[in-house]
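Just the one chain here, the form predicted alone, laid out as structure tokens.
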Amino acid sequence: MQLDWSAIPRAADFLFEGFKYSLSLTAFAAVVGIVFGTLLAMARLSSIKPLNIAASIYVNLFRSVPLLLVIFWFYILVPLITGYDVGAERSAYVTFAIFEAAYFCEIMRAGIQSIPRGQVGAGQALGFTYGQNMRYVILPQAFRNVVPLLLTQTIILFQDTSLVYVVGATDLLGAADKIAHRDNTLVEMYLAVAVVYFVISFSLSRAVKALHARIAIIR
């Protein structure tokens, strides 16, 4: 079998465009997912029953269905319901943000629950409202406790962005797939993409491991 490795540098510009989309999708879904997930976590821990139940249903629903199905549902159903075609790239932003929020919610819930009750009581004794107690006492410590888990979930999120190519979005894998079928260079392109995913994911995993050890020493 003759492999044309020169196909990779020839396609570098297009692959880089796909890579930039993968990164932007990861960053957007991580930021929105963490913010929304934190609100969901607070709702799940709330003593207000309807709020607690609604957040629990949301989290359990999205944690019980494959991401690939959610991508298809959103991409197909939204244009049917609204009459507006949002496009594969834009629909992926929304899909990933709402899906990942369910996972970030559980991480943040664990972080909030890791704060000793005494500190919560101390904030209340100082006269802090619920919002002030969360903002100044609980959430800063909860974030610090779960930073390695949040980063690990973000690495998984980066890998999952490769699923958007099934709806025609041009992420890194989507760009490689289009070039591979155009130039009949399937092996070269898929190997190149696999190397990129491995290098980035492995490097970030090592960095998260080092950060986790450092946080453990500080504690």
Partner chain sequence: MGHYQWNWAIILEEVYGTGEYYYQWLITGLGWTVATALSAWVIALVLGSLIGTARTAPIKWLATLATAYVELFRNIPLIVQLFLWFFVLPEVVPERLGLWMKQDMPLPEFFTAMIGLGLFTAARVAEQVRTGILALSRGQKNAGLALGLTLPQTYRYVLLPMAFRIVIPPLTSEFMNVFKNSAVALAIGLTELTFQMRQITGEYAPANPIEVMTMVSAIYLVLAFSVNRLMAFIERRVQVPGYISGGK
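Keep in mind the model is a prediction, meaning the values are calculated, not measured. If you superpose the two forms and keep the largest set of C-alpha atoms that fall within 1.5 Å, you have the rigid core. Numbering follows the first chain given and starts at 1.
As for the form predicted together with the partner chain, it is not shown, yet the points below apply to it.
Contact with the partner chain in the predicted bound form, defined as a heavy atom within 4.5 Å, is made by all three of 75, 166 and 173. Within 4.5 Å of any heavy atom of the partner chain in the predicted bound form lies no heavy atom of residue 14. The shortest heavy atom separation between residue 128 and the partner chain in the predicted bound form exceeds 4.5 Å. Contact annotation: residue 63 falls within 4.5 Å of the partner chain in the predicted bound form, judged by heavy atom distances. In the predicted bound form, the partner chain lies farther than 4.5 Å from every heavy atom of residue 24. This chain lacks the partner; the member of 45, 35, 53, 68 within 4.5 angstroms of the partner chain in the predicted bound form by a non-hydrogen atom is 68. Checked against the partner chain in the predicted bound form, the candidates 179, 30, 193, 40 yield a single residue with a heavy atom inside 4.5 Å, and that residue is 193.
Heavy atoms within 4.5 Å of the partner chain in the predicted bound form are found in exactly one of 105-113, 78-86, 118-126, 135-143, that being 78-86.
For residue 81, a C-alpha deviation of 2 angstroms or more is recorded between the shown form and the other one after rigid-core alignment.
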